[in-house]
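Only one chain is given next, in structure tokens, and it is the form predicted on its own.
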């Protein structure tokens, strides 16, 4: 089975669950490998009160024995501590007196369309699953993917380069993304970090919220992940779909992104150079992807996140129970979730790259995958040397 994952759980239900398929046998995997990213997801300036309640850590329910994967599906559970405060409203069991339905949908959220689609009369049935709390399970799945990729030298980092009006050059953010964990807003530049925090404070004071932009960088990817043969195999398309599936993401770019449309071809393409018996690139303007495949350069994908939909300054809506104008329902929320979204972006990139990696090098066990990987890297290295002008 191909590498993939699914999630289950509601925001204020008992737990979030991740089920990861297609993980090869023999991969060293500990809870700490996953918990590190769960902790990073909970951080970030502008986060709401929920993060003070939760302490996200996984429990393996299957697929791992004595610190090694078994090749069977990996099941992970993250308990919701806040469930204790919501049990009467979220219990799976029938209740004699159901809570009053919520009928004030929020603009920009899944509320209205979800109620219409599934014939609900209570938008809690929508918001509990459409909540960004679901991304806890995604980050857990991404932790497994990241551990697999790390076995073969692939490292993934992210950085925030815009929140509101405060911005840092995207290229510089990408090149220094390893330093982003030092910042509360995941911006590598201390001065711009403070400007971003000031933007968030101003939005919070105005009972509003901010979006922004972040970049994810995957270093060490071998050339040839993905394919040009079929549209469904193009890696940039798969990465874009994965990033866009994150709550509130509205745009995705690779490398220079939309900026390439403003330049001539000679100013955009990454020229190929011969260097010490191998090939290298003069630049990485296309973000490490050509023809739907990795080209050996770092994969660079950036995303734009809209401000979250739940704000204290409730927007206009219609009460679906009465048909009368009203103000949107509000629950606990963040003032800015862009730093957390960047970590989630890392996880989704890791999942897609792990899937493509195993498609290329096999699925069964780490030993065979390692042999296939080493053989491939040796072959393409030899073919590069063979392509040089022969001595006469």
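This structure is a prediction, so every number in the text was calculated from the model and none was measured. Numbering follows the first chain given and starts at 1.
Not on display, but discussed next: the form predicted together with a small molecule.
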Original post:
If contact means any heavy atom within 4.5 Å, which of 174-182, 124-132, 151-159, 235-243 contacts the small molecule in the model of the complex?
Top reply: 124-132
Original post:
Quick check: do 146, 355 and 363 each get a heavy atom within 4.5 Å of the small molecule in the model of the complex?
Top reply: no
**OP:** Report yes if any heavy atom of residue 331 sits within 4.5 Å of a heavy atom of the small molecule in the model of the complex; otherwise report no.
**Re:** yes
Original post:
Even though the small molecule is not shown here, does residue 35 get within 4.5 Å of it in the model of the complex, heavy atoms only?
Top reply: no
Original post:
Applying a 4.5 Å heavy atom distance criterion, does residue 170 contact the small molecule in the model of the complex?
Top reply: no
Original post:
Would residue 302 count as a contact of the small molecule in the model of the complex, using a 4.5 angstroms cut-off between non-hydrogen atoms?
Top reply: no
Subject >> Listed residue (82, 290, 270, 208) with a non-hydrogen atom within 4.5 angstroms of the small molecule in the model of the complex >> reply: 82
